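In C-alpha coordinates, the next block holds one chain alone, the form predicted alone.
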(Lines give C-alpha, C1' and ligand atoms only; values in the text may rest on other atoms or scores of the structure.)
Protein backbone atom coordinates (compact mmCIF):
# COMPACT_ATOMS: atom_id res chain seq x y z
CA UNK A 1 0.00 0.00 0.00
CA UNK A 2 2.80 2.42 0.93
CA UNK A 3 4.52 1.58 -2.32
CA UNK A 4 1.44 2.47 -4.36
CA UNK A 5 1.12 5.80 -2.54
CA UNK A 6 4.74 6.67 -3.33
CA UNK A 7 4.18 5.75 -6.96
CA UNK A 8 1.16 8.06 -7.11
CA UNK A 9 3.21 10.89 -5.59
CA UNK A 10 6.69 10.69 -7.19
CA UNK A 11 7.56 14.13 -5.86
CA UNK A 12 7.40 12.98 -2.23
CA UNK A 13 10.76 13.20 -0.41
CA UNK A 14 11.43 11.02 2.61
CA UNK A 15 12.64 12.69 5.78
CA UNK A 16 15.89 10.77 5.64
CA UNK A 17 16.80 12.39 2.32
CA UNK A 18 15.47 15.89 3.03
CA UNK A 19 18.92 17.06 4.17
CA UNK A 20 20.14 16.71 0.58
CA UNK A 21 18.12 19.84 -0.25
CA UNK A 22 19.91 21.94 2.36
CA UNK A 23 22.89 22.99 0.23
CA UNK A 24 20.84 23.87 -2.89
CA UNK A 25 18.33 25.82 -0.80
CA UNK A 26 21.08 27.79 0.96
CA UNK A 27 22.77 28.52 -2.36
CA UNK A 28 19.45 29.63 -3.86
CA UNK A 29 18.68 31.85 -0.88
CA UNK A 30 22.09 33.56 -0.89
CA UNK A 31 22.68 34.03 -4.59
CA UNK A 32 19.11 34.42 -5.90
CA UNK A 33 16.49 35.30 -3.32
CA UNK A 34 18.61 37.77 -1.34
CA UNK A 35 19.79 39.78 -4.41
CA UNK A 36 16.25 39.69 -5.78
CA UNK A 37 14.87 41.04 -2.50
CA UNK A 38 17.48 43.83 -2.53
CA UNK A 39 16.45 44.82 -6.05
CA UNK A 40 12.78 44.98 -5.05
CA UNK A 41 13.53 47.01 -1.91
CA UNK A 42 15.84 49.38 -3.75
CA UNK A 43 13.03 50.30 -6.11
CA UNK A 44 11.18 51.76 -3.09
CA UNK A 45 14.07 53.43 -1.19
CA UNK A 46 16.44 54.83 -3.84
CA UNK A 47 16.78 57.80 -4.08
CA UNK A 48 14.04 58.39 -1.49
CA UNK A 49 11.55 56.23 0.37
CA UNK A 50 8.27 56.01 -1.50
CA UNK A 51 6.71 55.18 -4.85
CA UNK A 52 8.54 57.84 -6.85
CA UNK A 53 10.24 55.37 -9.20
CA UNK A 54 6.99 53.57 -9.93
CA UNK A 55 5.23 56.90 -10.47
CA UNK A 56 7.80 57.66 -13.19
CA UNK A 57 7.30 54.25 -14.79
CA UNK A 58 3.52 54.43 -14.91
CA UNK A 59 3.35 58.18 -15.41
CA UNK A 60 5.80 58.69 -18.27
CA UNK A 61 5.00 57.23 -21.67
CA UNK A 62 8.43 55.82 -22.71
CA UNK A 63 8.74 53.28 -19.89
CA UNK A 64 5.34 51.69 -20.39
CA UNK A 65 5.88 51.67 -24.16
CA UNK A 66 9.15 49.79 -23.72
CA UNK A 67 7.51 47.21 -21.45
CA UNK A 68 4.62 46.78 -23.89
CA UNK A 69 7.09 46.51 -26.79
CA UNK A 70 8.90 43.79 -24.83
CA UNK A 71 5.68 41.80 -24.42
CA UNK A 72 4.76 42.25 -28.10
CA UNK A 73 8.21 41.18 -29.28
CA UNK A 74 8.25 38.13 -27.01
CA UNK A 75 4.78 37.12 -28.23
CA UNK A 76 5.72 37.57 -31.90
CA UNK A 77 8.96 35.61 -31.49
CA UNK A 78 7.05 32.82 -29.70
CA UNK A 79 4.42 32.64 -32.45
CA UNK A 80 7.03 32.53 -35.22
CA UNK A 81 9.04 29.88 -33.36
CA UNK A 82 5.92 27.73 -32.96
CA UNK A 83 4.98 27.98 -36.64
CA UNK A 84 8.51 27.09 -37.75
CA UNK A 85 9.25 24.50 -35.06
CA UNK A 86 6.08 22.40 -35.23
CA UNK A 87 6.62 20.88 -38.70
CA UNK A 88 10.34 20.42 -37.97
CA UNK A 89 9.54 18.62 -34.72
CA UNK A 90 6.89 16.53 -36.50
CA UNK A 91 9.45 15.32 -39.05
CA UNK A 92 12.04 14.67 -36.34
CA UNK A 93 9.54 12.68 -34.28
CA UNK A 94 8.91 10.38 -37.22
CA UNK A 95 12.56 10.11 -38.32
CA UNK A 96 14.83 7.25 -37.38
CA UNK A 97 18.50 6.37 -37.59
CA UNK A 98 20.98 8.67 -39.34
CA UNK A 99 18.35 11.22 -40.40
CA UNK A 100 17.28 11.74 -36.81
CA UNK A 101 20.89 12.16 -35.68
CA UNK A 102 21.62 14.67 -38.44
CA UNK A 103 18.53 16.75 -37.66
CA UNK A 104 19.22 16.62 -33.92
CA UNK A 105 22.78 17.82 -34.54
CA UNK A 106 21.54 20.73 -36.66
CA UNK A 107 19.23 21.77 -33.82
CA UNK A 108 21.67 21.31 -30.93
CA UNK A 109 24.97 22.55 -32.45
CA UNK A 110 23.84 26.23 -32.61
CA UNK A 111 23.37 26.09 -28.83
CA UNK A 112 27.15 25.66 -28.52
CA UNK A 113 27.71 29.05 -30.14
CA UNK A 114 27.59 32.22 -28.05
CA UNK A 115 24.51 34.42 -28.35
CA UNK A 116 26.85 37.39 -28.89
CA UNK A 117 28.52 35.71 -31.87
CA UNK A 118 25.19 34.75 -33.43
CA UNK A 119 23.84 38.29 -32.95
CA UNK A 120 26.95 39.78 -34.57
CA UNK A 121 26.52 37.31 -37.45
CA UNK A 122 23.04 38.71 -38.07
CA UNK A 123 24.53 42.21 -38.01
CA UNK A 124 26.78 41.15 -40.89
CA UNK A 125 23.75 39.84 -42.76
CA UNK A 126 21.50 42.87 -42.21
CA UNK A 127 23.90 45.82 -42.35
CA UNK A 128 23.71 48.30 -45.23
CA UNK A 129 26.55 46.60 -47.09
CA UNK A 130 25.76 43.19 -45.71
CA UNK A 131 24.96 39.88 -47.36
CA UNK A 132 21.22 40.51 -47.68
CA UNK A 133 21.53 44.00 -49.16
CA UNK A 134 24.21 42.83 -51.60
CA UNK A 135 21.85 40.07 -52.73
CA UNK A 136 18.92 42.45 -53.15
CA UNK A 137 21.05 44.94 -55.07
CA UNK A 138 22.54 42.18 -57.22
CA UNK A 139 19.10 40.86 -58.16
CA UNK A 140 17.92 44.39 -58.97
CA UNK A 141 15.08 44.22 -56.43
CA UNK A 142 16.15 47.50 -54.81
CA UNK A 143 18.09 50.53 -56.03
CA UNK A 144 19.56 51.55 -52.68
CA UNK A 145 20.49 49.49 -49.61
CA UNK A 146 17.56 48.77 -47.31
CA UNK A 147 18.01 49.90 -43.72
CA UNK A 148 17.32 46.76 -41.71
CA UNK A 149 19.40 47.84 -38.70
CA UNK A 150 18.59 49.03 -36.19
CA UNK A 151 15.00 47.86 -36.26
CA UNK A 152 12.43 45.25 -35.43
CA UNK A 153 13.22 42.91 -38.35
CA UNK A 154 16.73 42.19 -37.13
CA UNK A 155 15.55 41.74 -33.54
CA UNK A 156 12.80 39.31 -34.47
CA UNK A 157 14.96 37.24 -36.81
CA UNK A 158 17.86 37.13 -34.35
CA UNK A 159 15.67 36.13 -31.41
CA UNK A 160 13.83 33.48 -33.43
CA UNK A 161 17.16 32.01 -34.50
CA UNK A 162 18.31 31.81 -30.88
CA UNK A 163 15.05 30.56 -29.35
CA UNK A 164 14.01 28.08 -32.05
CA UNK A 165 15.78 25.06 -30.46
CA UNK A 166 13.97 25.73 -27.18
CA UNK A 167 10.67 25.34 -29.02
CA UNK A 168 11.69 22.32 -31.10
CA UNK A 169 13.12 20.18 -28.29
CA UNK A 170 9.99 20.10 -26.05
CA UNK A 171 7.84 19.41 -29.10
CA UNK A 172 10.04 16.52 -30.22
CA UNK A 173 10.11 15.03 -26.73
CA UNK A 174 6.31 15.16 -26.59
CA UNK A 175 5.67 13.95 -30.14
CA UNK A 176 7.95 10.94 -29.83
CA UNK A 177 5.85 9.79 -26.89
CA UNK A 178 2.59 9.82 -28.86
CA UNK A 179 1.33 6.33 -29.64
CA UNK A 180 1.27 6.01 -33.43
CA UNK A 181 -1.32 3.23 -33.22
CA UNK A 182 -3.87 5.88 -32.31
CA UNK A 183 -3.39 7.51 -35.71
CA UNK A 184 -3.70 4.16 -37.46
CA UNK A 185 -6.87 3.45 -35.46
CA UNK A 186 -8.32 6.81 -36.56
CA UNK A 187 -7.56 5.98 -40.20
CA UNK A 188 -9.16 2.53 -39.83
CA UNK A 189 -12.28 4.23 -38.48
CA UNK A 190 -12.49 6.33 -41.65
CA UNK A 191 -10.51 9.49 -40.87
CA UNK A 192 -8.26 10.79 -43.64
CA UNK A 193 -4.65 11.69 -42.70
CA UNK A 194 -5.51 15.37 -42.22
CA UNK A 195 -8.44 14.65 -39.89
CA UNK A 196 -6.40 12.08 -38.00
CA UNK A 197 -3.70 14.70 -37.46
CA UNK A 198 -6.19 17.41 -36.52
CA UNK A 199 -8.32 15.33 -34.15
CA UNK A 200 -5.74 12.94 -32.66
CA UNK A 201 -2.13 14.03 -33.10
CA UNK A 202 -2.54 17.78 -32.56
CA UNK A 203 -4.46 17.49 -29.26
CA UNK A 204 -1.92 14.96 -27.97
CA UNK A 205 0.91 17.36 -28.84
CA UNK A 206 -0.58 20.23 -26.82
CA UNK A 207 1.60 19.55 -23.73
CA UNK A 208 4.70 20.01 -25.90
CA UNK A 209 3.23 23.18 -27.41
CA UNK A 210 2.39 24.56 -23.97
CA UNK A 211 5.87 23.82 -22.64
CA UNK A 212 7.64 25.30 -25.67
CA UNK A 213 5.48 28.43 -25.72
CA UNK A 214 6.01 29.07 -21.99
CA UNK A 215 9.77 28.50 -22.23
CA UNK A 216 10.32 30.68 -25.30
CA UNK A 217 8.01 33.49 -24.21
CA UNK A 218 9.35 33.80 -20.67
CA UNK A 219 12.95 33.71 -21.87
CA UNK A 220 12.27 36.26 -24.61
CA UNK A 221 10.91 38.76 -22.09
CA UNK A 222 14.37 39.07 -20.56
CA UNK A 223 16.43 39.21 -23.77
CA UNK A 224 19.25 41.74 -23.68
CA UNK A 225 22.14 41.08 -26.09
CA UNK A 226 20.21 40.62 -29.33
CA UNK A 227 17.89 43.65 -28.89
CA UNK A 228 20.87 45.76 -27.78
CA UNK A 229 22.89 44.89 -30.89
CA UNK A 230 20.14 44.69 -33.51
CA UNK A 231 17.31 46.85 -32.17
CA UNK A 232 18.85 50.12 -31.04
CA UNK A 233 16.74 52.95 -29.61
CA UNK A 234 14.04 52.35 -32.22
CA UNK A 235 13.25 48.90 -30.83
CA UNK A 236 14.29 48.96 -27.19
CA UNK A 237 13.29 46.17 -24.84
CA UNK A 238 12.97 46.20 -21.07
CA UNK A 239 16.33 44.54 -20.30
CA UNK A 240 18.15 47.10 -22.46
CA UNK A 241 16.32 49.95 -20.72
CA UNK A 242 17.20 48.54 -17.29
CA UNK A 243 20.89 48.28 -18.22
CA UNK A 244 20.83 51.82 -19.59
CA UNK A 245 19.32 53.25 -16.41
CA UNK A 246 21.80 51.37 -14.19
CA UNK A 247 25.09 51.73 -16.08
CA UNK A 248 24.64 54.87 -18.19
CA UNK A 249 22.50 57.11 -16.00
CA UNK A 250 23.46 55.42 -12.68
CA UNK A 251 19.80 55.54 -11.66
CA UNK A 252 19.77 52.29 -9.72
CA UNK A 253 16.45 53.03 -8.04
CA UNK A 254 14.59 53.38 -11.33
CA UNK A 255 16.45 50.38 -12.79
CA UNK A 256 15.40 48.30 -9.78
CA UNK A 257 11.80 49.44 -10.12
CA UNK A 258 11.82 48.56 -13.83
CA UNK A 259 13.28 45.13 -13.07
CA UNK A 260 10.66 44.52 -10.37
CA UNK A 261 7.89 45.61 -12.73
CA UNK A 262 9.15 43.24 -15.43
CA UNK A 263 9.32 40.43 -12.86
CA UNK A 264 5.72 41.02 -11.75
CA UNK A 265 4.51 41.22 -15.36
CA UNK A 266 6.32 37.97 -16.20
CA UNK A 267 4.87 36.16 -13.20
CA UNK A 268 1.37 37.46 -13.93
CA UNK A 269 1.53 36.32 -17.56
CA UNK A 270 2.92 32.94 -16.54
CA UNK A 271 0.23 32.35 -13.90
CA UNK A 272 -2.47 33.40 -16.36
CA UNK A 273 -1.02 31.01 -18.95
CA UNK A 274 -0.98 28.18 -16.43
CA UNK A 275 -4.62 28.85 -15.62
CA UNK A 276 -5.59 28.90 -19.30
CA UNK A 277 -3.71 25.68 -20.05
CA UNK A 278 -4.83 24.01 -16.83
CA UNK A 279 -1.28 23.76 -15.53
CA UNK A 280 -0.14 21.71 -18.52
CA UNK A 281 2.72 24.07 -19.33
CA UNK A 282 4.23 23.88 -15.86
CA UNK A 283 3.78 20.10 -15.71
CA UNK A 284 5.43 19.59 -19.08
CA UNK A 285 8.38 21.82 -18.19
CA UNK A 286 8.78 20.03 -14.88
CA UNK A 287 9.07 16.72 -16.70
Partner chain sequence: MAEYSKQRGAGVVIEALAKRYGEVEALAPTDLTVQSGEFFSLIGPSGSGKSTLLGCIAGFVPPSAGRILVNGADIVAVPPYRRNIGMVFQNYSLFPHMSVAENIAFPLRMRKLPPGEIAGRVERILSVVRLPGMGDRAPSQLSGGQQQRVALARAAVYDPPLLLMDEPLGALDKNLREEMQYEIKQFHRAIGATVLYVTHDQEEAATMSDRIAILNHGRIEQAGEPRALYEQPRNAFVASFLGDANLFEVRRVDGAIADRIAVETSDGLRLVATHAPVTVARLVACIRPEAIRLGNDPERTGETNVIDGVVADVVHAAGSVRTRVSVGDRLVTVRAATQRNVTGWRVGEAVRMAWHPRDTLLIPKE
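Positions refer to the first chain, counted from 1. Note that the structure is a prediction, hence the values are computed from the model and not measured.
Just so you know, the form predicted in complex with the partner chain exists too; it's not on screen, but the next bit is about it.
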In the predicted complex, the residue from 87, 138, 97, 193 with a non-hydrogen atom within 4.5 Å of the partner chain is 193
Checked 199, 147, 118, 176 for heavy atoms within 4.5 Å of the partner chain in the predicted complex; positive is 199
Is there a non-hydrogen atom of residue 101 within 4.5 angstroms of a non-hydrogen atom of the partner chain in the predicted complex?
-> no
Checklist entry - Just to confirm, residue 128 within 4.5 Å of the partner chain in the predicted complex by heavy atoms? => result no
Test of understanding: in the predicted complex, would residue 109 fall inside 4.5 Å of the partner chain by heavy atoms?
no
In the predicted complex, is there a heavy atom of the partner chain that lies within 4.5 Å of any heavy atom of residue 187, even though the partner is absent here? yes
Of 119-127, 139-147, 199-207, 74-82, the segment with heavy atoms within 4.5 Å of the partner chain in the predicted complex is residues 199-207
